[in-house]
Ligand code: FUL
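Presented as structure tokens, the chain that follows is alone, the form predicted alone.
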Amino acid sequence: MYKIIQFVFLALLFSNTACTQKSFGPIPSKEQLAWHDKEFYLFMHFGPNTFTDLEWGHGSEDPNVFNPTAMDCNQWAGIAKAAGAKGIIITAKHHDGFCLWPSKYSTHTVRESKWMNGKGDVLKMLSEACKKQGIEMGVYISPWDRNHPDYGTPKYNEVYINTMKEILTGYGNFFELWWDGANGEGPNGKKQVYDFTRFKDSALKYQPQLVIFSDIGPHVRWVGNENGIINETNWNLLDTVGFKRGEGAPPNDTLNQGNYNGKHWIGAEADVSIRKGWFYHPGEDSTVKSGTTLFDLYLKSVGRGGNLLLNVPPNRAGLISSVDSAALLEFKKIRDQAFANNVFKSAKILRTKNSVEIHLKEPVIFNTLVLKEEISKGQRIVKFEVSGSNDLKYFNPISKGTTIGHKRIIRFPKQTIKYIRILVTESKATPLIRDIAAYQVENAH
């Protein structure tokens, strides 16, 4: 039924299917399209900071502080899968320079710790666990290194490329490479001049399917905050000329909504922690966000055309804490219940002069509308309006919005109506909506 509705919707609204439409403006690569479809996945900050109660380590910590007593990556991946997350991005190396794998290019690694007598490898364990659960894996590799003696010299760029090569050639394929914009001083008091062009070219040589995240992509962008919220107007387009990662990034409001006429397709990823901090701190157990709060963030990130990267840091035992896992499973339950019954599933869809009408056999109750744009042909829709009626003579306004993109979730007061009209009031080119659904969501407000 979905395929029939999808085809009819496109055909009746736009007089031809998306297949016959030429693309307009920047379009996503097949890797970016696959990334958009992931929608929700986990971030995991783990390392010496887990044990020192710091957020940014100094790089001078004794490697022996890293000593999880019961680490189980199968637990991580199992909880991620149960929560509906499509993958896990792990902090393979944070700013302190500590490597969660036994890197040949550092002396500040798991190899130098007493954990597993120096024979441990977090990346290997997590890679195997993710494969077992059927979810994907990504890596965060901080360019800033507060431990490495070559940091702050031209030699360090080669060191960084070598560390990336170790990871990208030794642990299977990843779906995302995450670059932090931080650039502070190293142990010699100097800052590094990063060669991001070489970093990008090297990473894509080792794994061409990667999508790379940073302030300015090249494939995925930061949204200018760490609150998990994307602007209601969200263009997957960004201009990057003249900007740099970190302090030279575009203004936060630009990152949050993109550029209307941006030259590059760079989707928005909203990162936020389930706790107050990014690393686990025992005193922050009471700050874990509830499933209801996480659902609200989902609506304000995935529901605004972007992806949600939710940080869930392992504790000192090397496990996801029970309070965190309970919140994740509550979040999953709320999502499942919210989107279980599409009240438009048996609708008749008609084209009128400048809109689409959904005709139902009987009035239905709903308060949430989900629209999806055919972004493979570009992002086109600028503004739209939703109205409803029970007699076709007069449609009352229900809601209006701006961009749609990969997915737009629109919430409004509960409606009991039989006829719904969606009018695209402004678009850059022929608008292409690939799916529409409606739900009665108890948590909509």
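Note that residue numbering follows the sequence shown and begins at 1. None of the values given here were measured: they were computed from a predicted structure.
In what follows, reference is made to the form predicted together with the named molecule, a form of this protein that is not presented.
Asks: Given a 4.5 Å cut-off on heavy atoms, tell me which of 41-49, 411-419, 24-32, 372-380 is the interface stretch with the named molecule in the model of the complex.
Replies: It is the stretch 41-49.
Asks: The named molecule in the model of the complex: within 4.5 Å of a heavy atom of each of Y105, H148 and D195?
Replies: Checked in the model of the complex: no contact with the named molecule for any of the three.
Asks: Here the chain is shown alone; which of F243, W115, Y171, W278 has a heavy atom within 4.5 Å of the named molecule in the model of the complex?
Replies: Contact residue from the list: W278.
Asks: Considering the named molecule in the model of the complex, which of F331, W178, Y298, W235 comes within 4.5 Å of it through any heavy atom?
Replies: For this set of options, the contacting one is W178.
Asks: Determine whether any heavy atom of R304 comes within 4.5 Å of a heavy atom of the named molecule in the model of the complex, and answer yes or no.
Replies: No - in the model of the complex, heavy atoms of R304 and the named molecule never come within 4.5 Å of each other.
Asks: State yes or no: in the model of the complex, is some non-hydrogen atom of F199 no more than 4.5 angstroms from a non-hydrogen atom of the named molecule?
Replies: Flag for F199 set to no.
Asks: Give a yes or no for H219: in the model of the complex, does one of its heavy atoms lie within 4.5 Å of a heavy atom belonging to the named molecule?
Replies: Heavy-atom contact with the named molecule at 4.5 Å: absent for H219.
Asks: Would you classify F344 as touching the named molecule in the model of the complex, given a 4.5 Å non-hydrogen atom cut-off?
Replies: Taking the distances in the model of the complex, the answer for F344 is no, it never comes within 4.5 Å of the named molecule.
Asks: Judged by heavy atom distances of 4.5 Å or less, which residues of 73-101 approach the named molecule in the model of the complex?
Replies: Result: H94, H95.
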